[in-house]
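There is one chain below, alone, in structure tokens, taken in the form predicted on its own.
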Amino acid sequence: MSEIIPVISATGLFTPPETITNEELVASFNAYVELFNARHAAEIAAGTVAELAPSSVEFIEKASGIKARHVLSKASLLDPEIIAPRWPERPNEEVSVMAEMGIKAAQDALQRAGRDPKDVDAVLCAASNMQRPYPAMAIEIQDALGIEGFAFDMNVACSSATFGIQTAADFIRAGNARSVLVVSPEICTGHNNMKNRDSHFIFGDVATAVLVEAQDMAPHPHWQIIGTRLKTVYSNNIRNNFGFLNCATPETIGTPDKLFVQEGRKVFKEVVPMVATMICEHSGDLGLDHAGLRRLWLHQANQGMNRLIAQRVLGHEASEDESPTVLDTYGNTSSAGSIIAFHLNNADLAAGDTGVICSFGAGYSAGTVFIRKVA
């Protein structure tokens, strides 16, 4: 029996229509800081409350390279009295917010591949945060698209999409499925602390989809998956404590320690060498020269991290062509970031060109997906 080769047939993208620029974000954040400091003037003077410092466009761009981000709830995020996303509660009979985003991205991928939903065997919802524990978001998306078979959710933080791609590829190699949708709806503003100067600017909202299929049914062109690798190393340097146990203490919901927190300098120092080494070693095991990779589609978390990882892999300062960036306009979109970079920057590559989709984030977790274009 001949080997079944998994490929990426198409990708899809849903981008929220609303955008927040750094200028808008800073104006809102600084208004909040002024309100906070005025309301707590006595405590600040007494030394029992720390005075908040304002943010700036220059600080944000130097720290991250981010200039804007797409969001689902602009008005409340910019309201100095709220500075958090607010969505109207939807009844159980109505499609949920995350599922709606995932459906739109999945429909885009299916259309690009010329694929009927009835031809898909499975849906994996791979994202950093799920709207609810159950029923699974993946099953809701499966139902809305009219897909038979099976579906489940998985969470490996910013590496969820690449972990999902390997899972889908393994299903196809094993003959358990021939067509699998990996959907990553990311409402990152929902778990970010927008009142924290060091992280209020980091995240944006988006959804992506990757259609992984057996090569003999894939459209042309497509991308052969020539190798995948996953890695996890436990670390507290990126953490989100919000979980089902918080329901027992509702007064803690939304407090800073239940939202995204990170030790940015430690993350940079520890993750950059881990990821660069992982890409180089994996490419060597596949018989590839890492310095000769045509393109790196890296996780979009921090401009400095990507620059250094690409330099260590390629052996020189990477050009925008070699390591494209979407971070400046999308912000950090967690697991969707590397997929957005691939989705928007792959059509110009020629048959035979080889590159790597790479994610990294909390856990620590990292995933590499080496692919080659087939015309």
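Since the structure is predicted, the reported quantities are computational estimates derived from the model, not experimental observations. All residue numbers refer to positions in the sequence shown, first residue = 1.
One more form of this protein exists, namely the form predicted together with a small molecule; it is left out here, but the text below deals with it.
Visitor: Of these, 63, 344, 41, 27, which has a heavy atom no more than 4.5 Å from the small molecule in the model of the complex?
Guide: Selected option: 63.
Visitor: Would you kindly say which of 151, 279, 301, 147 lies with a heavy atom within 4.5 Å of the small molecule in the model of the complex?
Guide: For this set of options, the contacting one is 301.
Visitor: At 4.5 angstroms, heavy atoms only, are 14, 111 and 172 all close to the small molecule in the model of the complex?
Guide: The answer is no: none of the three residues contacts the partner (heavy atom, 4.5 Å cut-off).
Visitor: Tell me which stretch of 259 to 267, 210 to 218, 87 to 95, 71 to 79 has a heavy atom within 4.5 angstroms of the small molecule in the model of the complex.
Guide: Heavy-atom contact with the partner occurs in 259 to 267.
Visitor: Would residue 37 sit within 4.5 Å of the small molecule in the model of the complex, counting heavy atoms only?
Guide: Output for residue 37 is no: heavy atoms all beyond 4.5 Å of the small molecule.
Visitor: Quick check on residue 297: any heavy atom within 4.5 Å of the small molecule in the model of the complex?
Guide: Although the small molecule is absent here, residue 297 would stay clear of it in the model of the complex, with no heavy atoms inside 4.5 Å.
Visitor: Would residue 201 sit within 4.5 Å of the small molecule in the model of the complex, counting heavy atoms only?
Guide: Heavy-atom contact with the small molecule at 4.5 Å: present for residue 201.
Visitor: Could you confirm whether residue 288 comes within 4.5 Å of the small molecule in the model of the complex, counting heavy atoms only?
Guide: It does not: once the small molecule is placed as it appears in the model of the complex, residue 288 has no heavy atom within 4.5 Å of it.
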